[in-house]
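Have a look below at one chain only, the form predicted alone, in structure tokens format.
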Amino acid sequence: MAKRVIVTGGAGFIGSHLVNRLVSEGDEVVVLDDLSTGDAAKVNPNAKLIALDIRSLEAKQFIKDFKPDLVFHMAAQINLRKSLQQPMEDASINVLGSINVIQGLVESAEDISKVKFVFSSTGGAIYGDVDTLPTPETVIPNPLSPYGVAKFSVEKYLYYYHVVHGLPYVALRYSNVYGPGQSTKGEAGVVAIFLEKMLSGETPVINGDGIQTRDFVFVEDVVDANVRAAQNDVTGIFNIGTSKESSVMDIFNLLRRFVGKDFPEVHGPAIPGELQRSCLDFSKAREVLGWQPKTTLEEGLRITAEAFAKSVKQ
């Protein structure tokens, strides 16, 4: 049955992929995005784009008037380094903006048990440095950035809204998401940064020794996790990753193979305070949501490299 859906941040990387999926399934989709980093051209023409800041009274009123069945909350200040430099601005968007959206949904619902809120949280930034890898949801988060603190705070607000108001919610803690359409600006992922450099004939710079690891998950698999979270009656927190560590050097070597040019290894200084290892245990999502990543790193990077190459030619 078609649903009335709001996707905040739906003009962004992951959001635009999710909107395409929802539209294809026949849902009535509205994108709320202030377009500060999102791109209106990415929004599916069969979805309605409303350009509003999630912190605004207008955004809250729109949610109340639209009365959605489902909200996917993806809008955020995603630049971790910016959060270190401007923690108040980060909290304003990521905490206060999120509360505004949640409150709008709660006030719009005639029967709170019939709506759902799906929140895009974070994996690596929320757990901080941990000894347990892959990291399960049972590990207590100790975020080391305002960005991670803000995401954790919103999870706690959702718990409050669930217990006190009865709001059904799912928070998805993503590992490192990559795929076609990812921005190469701001807090871009290493895949997008390396591809942009390689396709313009430049050699990318590897921060530090390149043996630092991340858990890379393909964007369409993340979209599938969101859809399953919305369809499932469960409430709670789930890691969305692959449970596999891949180093920056692994990414570099695979991408230069797909681009078809043997770029030399160029190493720059390490980023101070950067996590050395990050990997998420997704077994809870597999058991409860029936979700698991379908795309191998090699396949996902090949698809992404082809899409980036195509966009460069255009």
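Throughout, we count residues from 1 along the sequence that is shown. In this text the structure is predicted, and so the values were computed from the model without any measurement.
The discussion below concerns the form predicted in complex with a small molecule, not included here.
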Find the only residue in 191, 102, 171, 177 having a heavy atom within 4.5 Å of the small molecule in the predicted bound form. 177
Have a look at 71, 225, 74, 126 for me and say which one sits with a heavy atom within 4.5 Å of the small molecule in the predicted bound form. 74
For the three residues 155, 167 and 229, which mark the spot I'm curious about, does each lie within 4.5 Å of the small molecule in the predicted bound form through at least one heavy atom? no
Evaluate residue 54 for contact with the small molecule in the predicted bound form, applying a 4.5 angstroms cut-off between non-hydrogen atoms, and reply yes or no. yes
Is there a heavy atom of residue 149 lying 4.5 Å or less from a heavy atom of the small molecule in the predicted bound form? no
Spell out, yes or no, whether the shortest heavy atom distance between residue 36 and the small molecule in the predicted bound form is within 4.5 Å. yes
Taking the small molecule as it sits in the predicted bound form, is residue 122 near enough to touch it, meaning that at least one heavy atom pair lies within 4.5 angstroms? yes
156-164, 203-211, 103-111, 76-84: which one contacts the small molecule in the predicted bound form at 4.5 Å, heavy atom to heavy atom? 76-84
